[in-house]
Ligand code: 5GP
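Just the one chain here, laid out as structure tokens, in the form predicted alone.
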Amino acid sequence: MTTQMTRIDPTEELLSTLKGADSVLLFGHIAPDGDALGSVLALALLLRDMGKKVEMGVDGIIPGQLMFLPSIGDFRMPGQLSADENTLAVAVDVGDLGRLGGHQEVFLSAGKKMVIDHHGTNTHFGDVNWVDGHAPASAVMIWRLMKALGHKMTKDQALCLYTGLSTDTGNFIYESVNDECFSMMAELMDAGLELAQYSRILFRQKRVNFVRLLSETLPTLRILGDGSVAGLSTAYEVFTKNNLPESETDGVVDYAIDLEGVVMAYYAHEKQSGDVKFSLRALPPYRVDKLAVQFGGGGHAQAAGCTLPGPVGEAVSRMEAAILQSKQEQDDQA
């Protein structure tokens, strides 16, 4: 049973700042996922409906399975956007300034800076910060914002919000899922969301090359300690051999955390730079957010991430030692 948390609604300062802005830049985080992209797009469509000039930026490859999102082609890469004192820059689903990647400078050059995020580890790096660490997804906060502005949701906005909500809740199976998620889903369906079509694209449909990558990743499975910790890893050469970008790793970590008896898990994939990105997962009451912060990352209690320097073998060894220590410490405190 989930515990009802006090939700944080948009402040009058945030609402008036958005209403008063004529030119808005919206940013998602590096290595964008469904919540970052869906939330930014839904907010962009809302602001455009309000007559604002809106541009969007993201640093990283957009996952192929999300190319169905409306206006997805409008995202700009670092170096393609500019801001001045009359610009409002909004970071959505971005936990800290570094997560903006190559868009940090243009964000900081804006006359007004805003943060909308649901990560409890957020550093509040804006002039106006709306952070709710208990919200299941940033998409939930954009939905609240629409309601606060009295906006009638469109079909395209519903699709964007569904993508954000469903991907950040693991298709509604994470501990963060609460009654607000289903109140929101009811309104998305009323707005015309074609649930069967898009849930299949997001959670069932796989590219052939992804399955081939998975076939080379699953044999790396490591079961640690007493069988309660598991991990998987993918070398960069596996991505190149299968003609897949580093961004197409969604769901791989689930093969580790979903194993019977496992309560903490990692998935490591080597990047072209040689660094190793880790996706961390835990089952309640265990948590991995503090573990991620230890390595300069962040996230949620049961889903977090960080990046370590390579090579992949050494990075995995460091993470395994840290995750085992973290589990032991949590067991000792229980």
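All values derive from a computational prediction rather than experimental measurement. Quick note: we count residues from 1 along the sequence shown, nothing fancier.
Form predicted in complex with guanosine-5'-monophosphate: not shown, discussed below.
Checking Asp96, Asp156, Glu246, Asp127 for any heavy atom within 4.5 Å of guanosine-5'-monophosphate in the predicted complex turns up a single hit: Asp96. Taking Gly298, Gly34, Gly57, Gly60 one by one, only a single residue has any non-hydrogen atom within 4.5 Å of guanosine-5'-monophosphate in the predicted complex, and it is Gly298.
Contact annotation: Lys277 falls within 4.5 Å of guanosine-5'-monophosphate in the predicted complex, judged by heavy atom distances. In the predicted complex, guanosine-5'-monophosphate stays beyond 4.5 Å of every heavy atom belonging to Lys113.
Looking at Leu46, you'd find every heavy atom of it more than 4.5 angstroms from guanosine-5'-monophosphate in the predicted complex. Of the heavy atoms in Leu26, none are within 4.5 Å of guanosine-5'-monophosphate in the predicted complex.
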